[in-house]
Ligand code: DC
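Single chain ahead, written as structure tokens, the form predicted alone.
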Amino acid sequence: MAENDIITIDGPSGSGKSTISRLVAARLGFTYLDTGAMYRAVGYKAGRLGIDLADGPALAAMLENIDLVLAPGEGDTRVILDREDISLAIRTAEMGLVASKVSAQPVVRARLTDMQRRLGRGGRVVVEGRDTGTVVFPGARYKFFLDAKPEERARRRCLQLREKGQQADEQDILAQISKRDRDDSDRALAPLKPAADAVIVDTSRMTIDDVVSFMLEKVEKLGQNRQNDSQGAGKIHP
């Protein structure tokens, strides 16, 4: 796997992952892979079929026949489930909590992790999620973990929802974000945490352009360092 050409961007909801991942991918000419949308889609289908999110065998059976396609969109990634565009339906705070629950199921995580690795096999991809640098692509050359204060993340999320014409209460969103943080961080399977070699970026007081520029500079610097290390292999330096 060409993990030298993979950039992982992890972090909690509202940290700016989606917007920044898309922009970094566009600037580099890489493909953008939104792993969170995949979990939301699985949760959405389970809900539609009335499947208990804790029922591993039922989820496994459902995943055997799932038809899931991610496609570029003007904003968020377009998500096509069983030939139906569910992009708007899954982009709610409630579906975020559903995604957190379904992602804690080993059978779901194993299946989607395999799909994600196959999609990233060719390299030149920016992968966004919560465990992409720790579990999905632990050997990726470039790893980032974005974070921001919960209140700032709630404010951003409310703005996003209102721009889409949806109603949003900032205190409700903050409570949902805090709950998902706890659920994602405390679970035994692939908990939300930075990879040991990830660059941690607090986006609370940074503009989107600032974050993108910072990350692109890091990518360029890390790439140069790795190239120099490779060229210097076997040499003795004074």
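Every value quoted in this text rests on a predicted model; they were computed, and no experiment measured them. In this text, residue numbers run from 1 along the sequence as written.
One more form of this protein, predicted in complex with this ligand, exists but is not displayed; see below.
Only one of the listed residues (99, 146, 81, 125) places a non-hydrogen atom within 4.5 angstroms of this ligand in the predicted bound form, and that residue is 99. Screening 148 to 156, 81 to 89, 164 to 172, 125 to 133 for residues having heavy atoms within 4.5 Å of this ligand in the predicted bound form returns a single hit, 125 to 133. Annotated contacts: 8, 141 and 193 are all free of this ligand in the predicted bound form [non-hydrogen atom within 4.5 angstroms]. This ligand is not drawn, but in the predicted bound form it has a heavy atom within 4.5 Å of residue 109.
Residue contact with this ligand in the predicted bound form: residue 45 places no heavy atom within 4.5 Å of it. Interface residue remark: residue 203 is not counted as part of the site for this ligand in the predicted bound form, having no heavy atom within 4.5 Å.
Residues 184, 187 are the members of 181 to 202 with a non-hydrogen atom no more than 4.5 angstroms from this ligand in the predicted bound form.
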